[in-house]
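Just one chain follows, in the form predicted alone, and it is written as structure tokens.
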């Protein structure tokens, strides 16, 4: 029996495994090799790894984990979970049953791309979600923001730390008169109409085509499509969730424990705020430490 099984081997999962392996706890990491940020050419804001391709960072992390004999990295999907604290069972897609005293869920989320030609193709390059991740590289240029709801108003305020040239695309959503007045005060134009296509021009340029009015060219387009957990294991377990403006995340306490004793969560799966490799890594480390300390005699 393992001490801990970690489901999801991206930044959060591997950070948890590192803490557990250094504590000489037996841990198995199950991973399908599809991290959320695989579409990004570079990862930014992570101390010591700034501007490196995220897949390269993960590959190096796996190489470093190989020095810990208690850690086993397995390329497999977790199909189901049963049991309770100190006696969990995980059935993999290969039909193998693994057992552990604790579980860490770090299988992340998937972004639900709108049915707009060019959107998915530009995701991570000309269409991006996070100014902390990529804003510095396009600072001072003409940004576009696809309005996704009231939270977009705060994003307008946030974006002005990077650029004064910002255009908001309403994309068929209602923007109240008072917010429109505030946007006008901030010299932020609003383009009405629905987006019908996004055409890439280079790695950081996009032409936004609309159902009414002329096309609009921007240097980078920020968008925040809704996302959902990349697996449904938490649903079968009945774990408590939180509904955020962008999707469902797992509810955890200050030690990253979910509503079921012995099950912890980290990374985008349980992060309602700003998803990044930095936050995923520290949450994973905290989940690993909390799981280890919960097993102390």
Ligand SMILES: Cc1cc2nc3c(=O)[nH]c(=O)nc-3n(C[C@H](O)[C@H](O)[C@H](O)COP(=O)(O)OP(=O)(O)OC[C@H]3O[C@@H](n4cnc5c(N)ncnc54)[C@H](O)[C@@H]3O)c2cc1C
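Keep in mind that what you see is a predicted model, and the values were worked out from it rather than measured. Numbering follows the first chain given and starts at 1.
The following text describes the form predicted together with the ligand, which does not appear among the structures shown.
Engineer: Want to guess which of 116 to 124, 206 to 214, 163 to 171, 145 to 153 is within 4.5 Å of the ligand in the model of the complex, heavy atoms only?
Structural biologist: Answer to the contact question: 116 to 124.
Engineer: So in the model of the complex, does residue 43 come within 4.5 Å of the ligand, heavy atom to heavy atom?
Structural biologist: Because a heavy atom of residue 43 falls inside 4.5 Å of the ligand in the model of the complex, the answer is yes.
Engineer: Can you work out whether residue 7 and the ligand are in contact in the model of the complex, taking contact to mean some heavy atom pair no more than 4.5 Å apart?
Structural biologist: The answer is yes: residue 7 has a heavy atom within 4.5 Å of the ligand.
Engineer: Would you check, heavy atoms only and a 4.5 Å threshold, whether residue 246 touches the ligand in the model of the complex?
Structural biologist: Close contact is absent here: in the model of the complex, residue 246 is far from the ligand, nothing within 4.5 Å, heavy atoms only.
Engineer: Taking heavy atoms only, is residue 16 within 4.5 angstroms of the ligand in the model of the complex?
Structural biologist: So residue 16 does not count as contacting the ligand.
Engineer: Tell me, out of 78, 100, 195, 183, which residue has a non-hydrogen atom within 4.5 angstroms of the ligand in the model of the complex.
Structural biologist: Going through each option in turn, the one that passes is 78.
Engineer: Would you kindly say which of 138, 71, 133, 218 lies with a heavy atom within 4.5 Å of the ligand in the model of the complex?
Structural biologist: It is 133 that has a heavy atom within 4.5 Å of the partner.
Engineer: Which residues within 271 to 290 place at least one heavy atom within 4.5 Å of the ligand in the model of the complex?
Structural biologist: Read in sequence order, the residues that approach the ligand (within 4.5 Å, in the model of the complex) are 275, 276, 277, 278, 280.
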